[in-house]
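Below you'll find only one chain, the form predicted on its own, shown as structure tokens.
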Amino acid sequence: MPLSTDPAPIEALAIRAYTATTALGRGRQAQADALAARRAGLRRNDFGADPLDTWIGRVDGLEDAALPPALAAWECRNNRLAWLALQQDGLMAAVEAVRTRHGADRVAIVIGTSTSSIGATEEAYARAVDSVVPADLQRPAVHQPHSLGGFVQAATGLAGPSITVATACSSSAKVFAQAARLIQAGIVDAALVGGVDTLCGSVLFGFNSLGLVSAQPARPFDRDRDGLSLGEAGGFAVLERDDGSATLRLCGYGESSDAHHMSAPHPEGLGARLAMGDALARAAIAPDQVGYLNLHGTATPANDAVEARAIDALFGDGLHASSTKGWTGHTLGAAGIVESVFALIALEDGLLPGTLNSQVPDTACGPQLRFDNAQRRIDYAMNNSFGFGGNNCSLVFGRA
């Protein structure tokens, strides 16, 4: 079976702004500082009335961060985090700039999430009396998968296509690919992309029922890894055709589907290799030009072993590859945008994160897996996001 569909190179897109808000803090610099200091955002689970025995990446202050009155109809934990993330790193100014240049209907919103605002729906059921939900939660727009996309549209005033991508843990990586296609097809001139997922009962107890949650902080690629830590996060980026002024660019994307199993990756990493190969082909670069690879690296035994095998088959020993989920937890539908932000930080600052919490390398993994941070200038960085159902996406970012 071929390892690439040999897609043609694409015209790189400018990244005008980017940001992330995670358990590490609010905005880009909080992420960079924590990565450099190897300071984790994970803590013992204190979410919900009857917390599981696990560790989580919880964003501080969401409970005190109500939406502005004009957006009160969208009130829920997920949209609160979206609003917080939108306020960081000049993101709204960048949105306003592309809207001024192109018009509101020429800027798309492409947003990824896995659970959207299902936490509000859980609350509605829990507080229902005689099957009637409380009046303050009788807001249908919040109780549906496009709640996040609808909220971002209301918050920004953008009027182009508004799309929610829900492909599990690859959701907010695939938004870059979909936005690139919308721009390349001439449907829009720019796009606001991103993703938000927040902690809720469905996430914590659902993943626990699958036997994927560890009682310890996640240890990706460690010999003794036994599961993931869940987290919450939000992040965004503004994409536009490059007029030659961009310092950071989206250079390539690759998407594939294992079609192998509901929750397990293809045992030979076939889907992962297809996604990475196609991303490199669209970026028109060779594997040895990638200086940093942010792995999906969930710390589950099967995922890490398969991804490491796929990496070893494609890249040389000199690649610095790591998982950052020991810092933030697995933020599910927001993982793609958060870890793309880490890749962009690597390009701008030369900060190549290692793999937090992990101490004993799994001998089944290749030499590309790094536990310690490194500091050096790189020209290209890749981000992998692989979701349940074999939904895979790899992105290549470059520095001008």
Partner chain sequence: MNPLDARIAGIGFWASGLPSWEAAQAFVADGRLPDAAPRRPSPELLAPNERRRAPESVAVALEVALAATRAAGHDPTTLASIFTSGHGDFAITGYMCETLADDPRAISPIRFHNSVHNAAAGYWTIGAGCTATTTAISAGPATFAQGLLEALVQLATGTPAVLLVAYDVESSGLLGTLTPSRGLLGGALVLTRADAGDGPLLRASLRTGAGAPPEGPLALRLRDNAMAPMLPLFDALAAGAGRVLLDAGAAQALEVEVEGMHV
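Every value quoted in this text rests on a predicted model; they were computed, and no experiment measured them. Numbering follows the first chain given and starts at 1.
Omitted here: the form predicted in complex with its partner chain. The next part is about that form.
Its partner chain is not shown here, but in the predicted complex it comes within 4.5 Å of a heavy atom of residue 160. Residue 36 falls outside the set of residues with a heavy atom inside 4.5 Å of its partner chain in the predicted complex.
For residue 184, a non-hydrogen atom is located within 4.5 Å of its partner chain in the predicted complex, even though that partner is not displayed. Of the heavy atoms in residue 137, some are within 4.5 Å of its partner chain in the predicted complex. Screening 319-327, 221-229, 79-87, 205-213 for residues having heavy atoms within 4.5 Å of its partner chain in the predicted complex returns a single hit, 205-213. This chain appears without its partner; in the predicted complex, the one residue of 30, 52, 374, 65 with a heavy atom within 4.5 Å of its partner chain is 52. Residues 118, 121, 122, 124, 125, 126, 128, 131, 132, 133 are the members of 110-133 with a non-hydrogen atom no more than 4.5 angstroms from its partner chain in the predicted complex.
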